[in-house]
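Below sits a lone chain in structure tokens, taken as the form predicted alone.
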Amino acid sequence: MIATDHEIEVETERLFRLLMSVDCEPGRQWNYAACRGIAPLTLEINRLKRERGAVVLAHSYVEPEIIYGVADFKGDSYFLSLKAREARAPVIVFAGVVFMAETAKILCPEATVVVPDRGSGCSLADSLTGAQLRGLKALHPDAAVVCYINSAAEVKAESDVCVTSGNVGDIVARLPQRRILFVPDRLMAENLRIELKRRGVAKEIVSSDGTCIVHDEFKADSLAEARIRFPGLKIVAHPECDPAVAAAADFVGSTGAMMKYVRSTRAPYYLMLTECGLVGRLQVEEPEKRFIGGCRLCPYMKLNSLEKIREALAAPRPEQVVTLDEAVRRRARRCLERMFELAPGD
């Protein structure tokens, strides 16, 4: 069914009202003509969603036309994992990266879960395999194995509990084991050591060596200059950043927590040390706030597009469909369910 001119104009107006304030990507401007160009596509995708009973989950780091054009739910990986579990939809399109779609399949085995681009990996999830984790476990047999949600299904299957950047401190503090094998993020492990020491929690943290290619790019030496140039600046960082960066920030938290912090504070300027997609969301949802440069683009997240989402809905290729070995899926689900048990309110 082809959209009418009236439907296209209405959709164009809707998109323009939302996207006109987004300017975080150099050389890109969401003017009326740009919104008019994608309106037929967003209308088609939303029609396909209705016909197939599908939901689109979009991570905050993907392009704004996906988040505000076709997403049913938008947020960080933890929020979206909850929505995947609650959705009960026959088809789930996960606009994010592959480990997130795997998490949706772990929690929703009866659903057809598709990814717009199978190449949308993650430097953290790709840094450690299940076999490598088994090797680490053999070296530390007395350790509780804690995996960051940014990990592959086979890593979750080898772990005792999954955590997010928002609940990692609370969950690790509640575990009875003194030694914790934390994978795959080395920098988050370093920040975790600092946080647990601040709380007076005695744990030994052993970690693997993965890092996020976005967040490990930020350096602390540039932040003091930014504060001089922009008086009253609030610096907001993710715990995947280097500890020196975290120490220099005004707030450190998960993607969702960073959004809440900006919404609940007043400052003349904000510097967001995270992926640019989150800045785009804030520009839409907090238009009175001023954001200075500093964000970084994730090349994996940017592989998602409206065209690929349409394809994944209309006629997904085999590589776009997420499949998991059932034994791996069941073990990975226990790891995730343990997280929900230990941090039910997060």
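Sequential numbering from 1, following the sequence displayed. Since we're looking at a predicted model, the values are computed, not measured.
This next part talks about the form predicted in complex with 1,3-dihydroxyacetonephosphate (13P), which is not shown.
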Note: 1,3-dihydroxyacetonephosphate (13P) not shown here; in the predicted complex, the stretch from 105-113, 170-178, 244-252, 75-83 having heavy atoms within 4.5 Å of it is 75-83
**Request:** State yes only if every one of 94, 117 and 320 has a non-hydrogen atom within 4.5 Å of 1,3-dihydroxyacetonephosphate (13P) in the predicted complex; otherwise state no.
**Result:** no
Using a 4.5 Å heavy atom cut-off, state whether residue 159 contacts 1,3-dihydroxyacetonephosphate (13P) in the predicted complex. no
Though only this chain appears here, would residue 150 touch 1,3-dihydroxyacetonephosphate (13P) in the predicted complex if you measure heavy atom gaps against 4.5 Å?
-> yes
### Query
Is residue 100 close to 1,3-dihydroxyacetonephosphate (13P) in the predicted complex, meaning a heavy atom pair under 4.5 Å apart or at it?
yes
- Item | residue 191 within 4.5 Å of 1,3-dihydroxyacetonephosphate (13P) in the predicted complex, heavy atoms | no
